[in-house]
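The chain below stands alone and is given as structure tokens, in the form predicted alone.
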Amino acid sequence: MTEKPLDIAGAQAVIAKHCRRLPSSPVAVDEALGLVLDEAVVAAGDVPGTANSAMDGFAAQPSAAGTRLTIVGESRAGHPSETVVAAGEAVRISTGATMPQGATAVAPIEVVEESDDTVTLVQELTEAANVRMAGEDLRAGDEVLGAGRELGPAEIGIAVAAGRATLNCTRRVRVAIVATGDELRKPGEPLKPGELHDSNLTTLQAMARQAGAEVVSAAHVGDDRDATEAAFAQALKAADVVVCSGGVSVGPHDHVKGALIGLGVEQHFWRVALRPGRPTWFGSREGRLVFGLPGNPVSAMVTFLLFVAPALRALQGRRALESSAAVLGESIGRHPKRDECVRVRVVDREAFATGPQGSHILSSMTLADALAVIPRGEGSLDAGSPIELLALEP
């Protein structure tokens, strides 16, 4: 544990030491989107399993232009023809249908003249024209997906093509979210003077789900020590990761740190040399991770992106997001002791602040394309200076 504020990288390194990949289990392929494979996927057979037609037309042997062919059968997808095609014969064939024995090319319907039970080739039909060969996509025994691969739509599709109905995947991380504050009210509720709608509870749930997590609980608790401790006790029972917004500072009504320590959660750091987000707290208990984020909405979102999201990715075996580079399109003042994450819009690789950067101005996030990391220092960082951009995707 340290009381000295860490820099961003230092805080991320401390968190990474406490991240252990979660166990895996079989998952139905239609529920595996966004999960990470914990096994290799091998093709059970050739794909396609037989040579088939790439076009609607006529399957035949190679023939010269002007050749008249007698139609002797039909091959449809799922209903292959048993006819053996000889020279001068053709089988009507649909896209995806198995090539009949003896035929090695397909004349598209657009390049033949059909009359009763014959077709005449308008142009030469060459060997293998418009035929998809067996095993052209996958070969039996080939590894088509490696362990550690994150599953998108294409990966799920190819797993099915390879013969799989279930996949062994790292399970989704279970997240519990707690928002603190007497002033907070549910979305849409009438407000009295000094009250606010609780945007953090909803926003943090959305960010957790976008990061691939399962939100198992979301609760609001007032500024009361006993109620705060009870909320955390429930969250720690249900979740792998607990995320709290508000109550992590040193005011008389900030009960989060005391409640967590009272529940046996070990503090690993409190405070990061960051603006917004200085009073960020991190601890753990028996492998469960706990994040105490500031209560201001922008601070909560920024610290989630910097600290919680990488942990959720690591626990699920997902790859870390890479930063990108840009230059400032305008001069931006620097904080002498803290790095600052400025919400920016990016135009032709130039970054411009989205307007006022107060930690309460949530609209600054809706206007942003990325976070620009402005390093601490005196004065300003001039237009044209290179900067690091962080993605807004958890």
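Quick note: we count residues from 1 along the sequence shown, nothing fancier. For clarity, every value in this text was computed on a predicted model and none was experimentally measured.
We do not show the form predicted in complex with ligand AMP, though everything after this point is about it.
Asks: Among Glu183, Glu124, Asp142, Glu114, which has at least one heavy atom within 4.5 Å of ligand AMP in the predicted bound form?
Replies: Looking at Glu183, Glu124, Asp142, Glu114 one by one, just Glu183 meets the 4.5 Å heavy-atom criterion.
Asks: Against ligand AMP in the predicted bound form, would Asn296 count as a contact residue? Criterion: heavy atoms within 4.5 Å.
Replies: Although ligand AMP is absent here, Asn296 would touch it in the predicted bound form, with heavy atoms inside 4.5 Å.
Asks: When the contact criterion is heavy atoms within 4.5 Å, does Ala179 count as touching ligand AMP in the predicted bound form?
Replies: Answer yes; at least one heavy atom of Ala179 falls within 4.5 Å of ligand AMP in the predicted bound form.
Asks: Even though ligand AMP is not shown here, does Leu196 get within 4.5 Å of it in the predicted bound form, heavy atoms only?
Replies: So Leu196 counts as contacting ligand AMP.
Asks: With the cut-off set at 4.5 Å between non-hydrogen atoms, does Gly247 touch ligand AMP in the predicted bound form?
Replies: Although ligand AMP is absent here, Gly247 would touch it in the predicted bound form, with heavy atoms inside 4.5 Å.
Asks: Just one of 84-92, 196-204, 115-123, 149-157 has heavy atoms within 4.5 Å of ligand AMP in the predicted bound form; which?
Replies: Contact-bearing stretch, as computed: 196-204.
Asks: Though the partner is not shown here, which residues of 322-344 have a heavy atom within 4.5 Å of ligand AMP in the predicted bound form?
Replies: Read in sequence order, no residue approaches ligand AMP (within 4.5 Å, in the predicted bound form).
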